[in-house]
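Single chain ahead, written as structure tokens, the form predicted alone.
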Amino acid sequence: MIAYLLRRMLYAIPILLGVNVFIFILFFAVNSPDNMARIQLGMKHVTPDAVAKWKHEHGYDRPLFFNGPAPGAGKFTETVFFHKAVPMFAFQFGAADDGRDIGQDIKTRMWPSLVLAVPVFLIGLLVNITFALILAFFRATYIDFGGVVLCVAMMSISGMFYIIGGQFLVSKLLHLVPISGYQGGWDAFKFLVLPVAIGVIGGVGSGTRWYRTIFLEEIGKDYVRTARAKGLAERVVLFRHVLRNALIPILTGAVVVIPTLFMGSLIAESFFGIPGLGSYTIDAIRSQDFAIVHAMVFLGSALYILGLLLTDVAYTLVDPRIRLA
């Protein structure tokens, strides 16, 4: 078990390095340091001296990957990639192109993202499993058919529709909650009710269909037929046997998402004015702030790899038949 986890963590290093290099190349393939300087300084009346000064102050005056004139190891260390990308492996994100401390921004903005994402995740998990169990219980009936049709219809509707429609109906017409904004403490509740509800509703279609598929697969297995042959009621078979065994794929699928929760929701945070990491990333993309975009992509990759690692651990805990060498 320990040896397996160590191998997986070692595998993460080349993956993160590849993500770093790919994002670095992709960004500079469409945007040069000169353009970055002009965007930050303003496109009008920017002199070459001002551009050169900005690049020097922000560390973009070095070569990207290889510094030929530098002596020794400086050929590789005196580069933009080494100074901007390598420190991220120690989670040192440096400063944004406008001078802000990225690490401090992440620490501040992660909490609004968490208070939005965690309720959506937990409530959505409970709602989806409940609806999926109901459809599985009434399988091959009009209730099951109607539920599947409704799920497909909900999956076909864009998430933007739920957001805009919810804001129009609940906030603009009924005036029940603010249309956007955020406050700390208990006052955050009135700002989060609507985005949490929309997040849950928007995921019901896909979530219910996925869990329904899992339950129907379990229902067809031999242990379920054995339980029915013993005279157990269908309700008991479904909730005591099927649900318990279906928790294995459900748990493994849920665990992988947990580390990525604090990354926030890009669309929801932007539309509802929540100062989380999702809106932080969107703002960085709009302003073409390479340092922030690079940091958030790297952090998201690291958290996703952590989620995969936790999934493997969770799988062995819930299924004692599995042993990792």
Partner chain sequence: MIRLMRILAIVPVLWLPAGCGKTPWNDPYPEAERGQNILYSVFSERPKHLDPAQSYASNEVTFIGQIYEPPLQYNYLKRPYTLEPLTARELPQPRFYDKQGKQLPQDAAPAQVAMSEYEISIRPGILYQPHPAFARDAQGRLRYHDLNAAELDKINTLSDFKFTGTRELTADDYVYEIKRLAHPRLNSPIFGLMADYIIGLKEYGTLLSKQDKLLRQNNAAAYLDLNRYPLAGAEVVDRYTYRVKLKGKYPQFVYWLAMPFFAPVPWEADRFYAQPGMQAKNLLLDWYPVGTGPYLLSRNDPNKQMVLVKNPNFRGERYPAEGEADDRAQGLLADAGKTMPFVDKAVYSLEKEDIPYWNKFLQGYYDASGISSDTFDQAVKVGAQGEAALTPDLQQKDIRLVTTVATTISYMGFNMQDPVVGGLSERARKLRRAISIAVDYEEFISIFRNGRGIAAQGPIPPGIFGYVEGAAGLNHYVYDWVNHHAQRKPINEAKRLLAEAGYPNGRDAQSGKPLLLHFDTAATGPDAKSRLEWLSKQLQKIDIQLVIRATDYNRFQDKMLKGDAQLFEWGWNADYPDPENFLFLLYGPNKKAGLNGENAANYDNPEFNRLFEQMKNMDNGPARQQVIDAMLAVARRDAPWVWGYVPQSYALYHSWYFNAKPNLMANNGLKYLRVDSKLREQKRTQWNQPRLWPLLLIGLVLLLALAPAWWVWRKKLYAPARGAES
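Residue numbers count along the first chain shown, from 1. Please read these numbers as outputs of a predicted model, since none were measured by experiment.
Beyond what is shown, the protein has a form predicted in complex with its partner chain; the following relates to that form.
Enquirer: With the partner removed from view, which of 70 to 78, 185 to 193, 114 to 122, 83 to 91 is the stretch that lies within 4.5 Å of its partner chain in the model of the complex, judged by heavy atom distances?
Expert: So the stretch in question is 185 to 193.
Enquirer: Going by a heavy atom distance of 4.5 Å, is Q167 a contact of its partner chain in the model of the complex?
Expert: Judged by the heavy-atom cut-off of 4.5 Å, Q167 is in contact with its partner chain in the model of the complex.
Enquirer: Is S171 close to its partner chain in the model of the complex, meaning a heavy atom pair under 4.5 Å apart or at it?
Expert: So S171 counts as contacting its partner chain.
Enquirer: Quick one: does I143 come within 4.5 Å of its partner chain in the model of the complex, counting heavy atoms only?
Expert: Close contact exists here: in the model of the complex, I143 approaches its partner chain to within 4.5 Å, heavy atoms only.
Enquirer: With the cut-off set at 4.5 Å between non-hydrogen atoms, does F262 touch its partner chain in the model of the complex?
Expert: Close contact is absent here: in the model of the complex, F262 is far from its partner chain, nothing within 4.5 Å, heavy atoms only.
Enquirer: Consider the chain as shown here, without its partner, and state which of A254, V127, A95, I201 has a heavy atom within 4.5 Å of its partner chain in the model of the complex.
Expert: Looking at the other structure, the residue within range turns out to be A95.
Enquirer: Which residues within 129 to 163 place at least one heavy atom within 4.5 Å of its partner chain in the model of the complex?
Expert: Sequence-ordered list: F137, F138, R139, T141, I143.
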